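There is one chain below, alone, in structure tokens, taken in the form predicted alone.
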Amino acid sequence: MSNNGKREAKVTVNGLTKKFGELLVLNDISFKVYEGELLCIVGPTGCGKTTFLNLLSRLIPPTKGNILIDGKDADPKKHNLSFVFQEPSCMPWRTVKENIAYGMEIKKLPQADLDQRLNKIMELVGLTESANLYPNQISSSMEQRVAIARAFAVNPDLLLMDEPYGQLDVKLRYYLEDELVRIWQELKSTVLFVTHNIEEAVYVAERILILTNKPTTVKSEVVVDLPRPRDFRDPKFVEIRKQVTELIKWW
């Protein structure tokens, strides 16, 4: 059940606009992500979802508007902004544990704190026994678990996930969706998850934002007020999935 009325806004996006030359991609987008929320964003192909995440992570500057974290301008030098990409992103020359530790090393965590957090997150994602293996020695699903563990390990102010399971088969995707929800519940992180898969959004999210076609803005939002673990066959689940589908389908 959504309890955003009782939670503080962790991230506030005000009038976010992005133009590339004369092409208006994002048009005056405003919304909030609440403390500890798992928010999904869905929209039609090519609407600018990845551009949207690049703006939120400050990889590219907005044309207009601002992004606040805890009431202050988002700044990668001050805030922990983690990103999980669709494509595999493990460094092949580093072991599983070295990949997971990378962000904490960049943040210059004291070694004792780094070791403690590293051991906890590896146990949480079930990678302790694979700690000394290299990416070419593990499966694609394990590699994506490494990327997720690395992102959560820095205790991010905001974790951005860009269709992280889009390249995986259905069985692996279901497994990793459950893993994500379990880790999120354990660590109480704030997560913004972009996907083109409506069923996936309804399965993992507390709330779904639906984007329009370009020039993109927020068309609607849907609260996913369902108990966990969720059941794809639940009539309420099917009803919400249909609602989101219709919002994306009809312009």
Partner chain sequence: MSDIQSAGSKRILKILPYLSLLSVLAIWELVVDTGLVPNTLLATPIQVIELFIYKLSHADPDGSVLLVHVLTSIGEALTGYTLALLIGIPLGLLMGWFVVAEGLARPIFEMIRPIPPVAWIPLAIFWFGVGLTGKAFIIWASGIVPCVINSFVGVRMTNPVYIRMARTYGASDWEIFKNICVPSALPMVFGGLQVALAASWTALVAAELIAADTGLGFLITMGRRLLMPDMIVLGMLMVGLTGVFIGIVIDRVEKRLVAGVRR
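Positions refer to the first chain, counted from 1. It should be emphasised that the depicted structure is a prediction, and the values quoted were computed from it without experimental measurement.
Absent from the display: the form predicted together with its partner chain. The rest refers to it.
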4.5 Å heavy atom contact with its partner chain in the model of the complex for all of 171, 196 and 203: no
Contact test in the model of the complex: residue 91 vs its partner chain, heavy atoms, 4.5 Å: yes
Interface membership of residue 154, its partner chain in the model of the complex, 4.5 Å heavy atom rule: yes
Proximity of residue 106 to its partner chain in the model of the complex, heavy atoms at 4.5 Å: yes
is_contact(residue 110, its partner chain) in the model of the complex, heavy atom dist at most 4.5 Å: no
Options 203-211, 219-227, 51-59, 186-194; stretch whose heavy atom lies within 4.5 Å of its partner chain in the model of the complex: 51-59
Position in contact with its partner chain when the complex is considered in the model of the complex, options 125, 118, 142, 81, heavy atoms within 4.5 Å: 81
In the model of the complex, residues of 129-144 near its partner chain [heavy atom within 4.5 Å]: 134, 136, 137
